[in-house]
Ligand SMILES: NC(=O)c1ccc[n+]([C@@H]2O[C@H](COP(=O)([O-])OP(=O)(O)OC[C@H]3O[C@@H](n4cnc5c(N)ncnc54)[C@H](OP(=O)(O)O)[C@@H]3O)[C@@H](O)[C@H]2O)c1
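Presented as structure tokens, the chain that follows is alone, the form predicted alone.
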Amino acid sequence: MDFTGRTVIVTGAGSGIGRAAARLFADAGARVLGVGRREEALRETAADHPAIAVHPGDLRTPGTAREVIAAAAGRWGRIDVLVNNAGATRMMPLADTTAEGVADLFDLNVTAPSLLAGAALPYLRRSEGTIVNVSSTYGHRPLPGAAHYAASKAALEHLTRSWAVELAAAGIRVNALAPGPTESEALTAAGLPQAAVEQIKRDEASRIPLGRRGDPEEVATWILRLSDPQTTWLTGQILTLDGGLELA
């Protein structure tokens, strides 16, 4: 996979799958704009990778999506790939559901990718570029206790299919990757105590037919494959990468 001369935006690039994707794109020759809320974490992502520039910002804040697109286009003059990886996980049983909690999930998991894609559209039309949305295996299977997180990912998957049809005439491909449980900071960021995080990880691994959680780099590899300029006839697809969890 050769991305030489291409510009890639990766959101949620401060850790986990986003960090791994940003580094793999840079290693493959791309110029990468890594986006995230924590500037220090982004700097760690970019360390020893001169092709990665960083742009700290909260994608839930109005205007940030336009700023991200302007930063990439202003620096490199083009945008070829948009990876909507930033997302939030939140345990929220129905009895504890609040309007604020639902809105917060959908702001980051649904609205932000939509605004980024819309702002990037003029550049993606010129480059006949690609959008890759990062969903979850729970975007198409139940997740008791976190139904609104699952619903936000289901919405992202349907956006993927709809955008693929809407943008096909412009030569823009839109696909999604739906990883299963992957090593990251997501559970801790969701506010769970460490003991609960470790228990969840053990429970998840026990349910996965391949017997383990995913590694960020092996997931990120498939983001590159979906973005590969040689992958010319694949659009509107949701690729599940979860060690067989979907089948269990």
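What you are looking at is a predicted structure, and each value in this text was computed from that prediction instead of being measured. Numbering starts at 1 and follows the sequence shown.
Keep in mind that the form predicted together with this ligand is not shown, yet the notes after this line are about it.
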| item | value |
| --- | --- |
| Candidate from 49, 66, 212, 38 lying within 4.5 Å of this ligand in the model of the complex - any heavy atom | 38 |
| Answer option from 120, 172, 134, 72, heavy atom within 4.5 Å of this ligand in the model of the complex | 134 |
| Non-hydrogen atom within 4.5 Å of this ligand in the model of the complex for each of 129, 161 and 240 | no |
| Partner-proximal stretch of 81-89, 120-128, 140-148, 164-172 relative to this ligand in the model of the complex, 4.5 angstroms, heavy atom | 81-89 |
| 4.5 Å heavy atom contact, residue 17 and this ligand in the model of the complex | yes |
| Any non-hydrogen atom of residue 58 within 4.5 angstroms of this ligand in the model of the complex | yes |
| Contact flag, residue 108 vs this ligand in the model of the complex, heavy atom cut 4.5 Å | yes |
| Proximity of residue 185 to this ligand in the model of the complex, heavy atoms at 4.5 Å | yes |
| Sequence-ordered residues of 169-184 touching this ligand in the model of the complex, heavy atom within 4.5 Å | 179, 180, 181, 182, 184 |
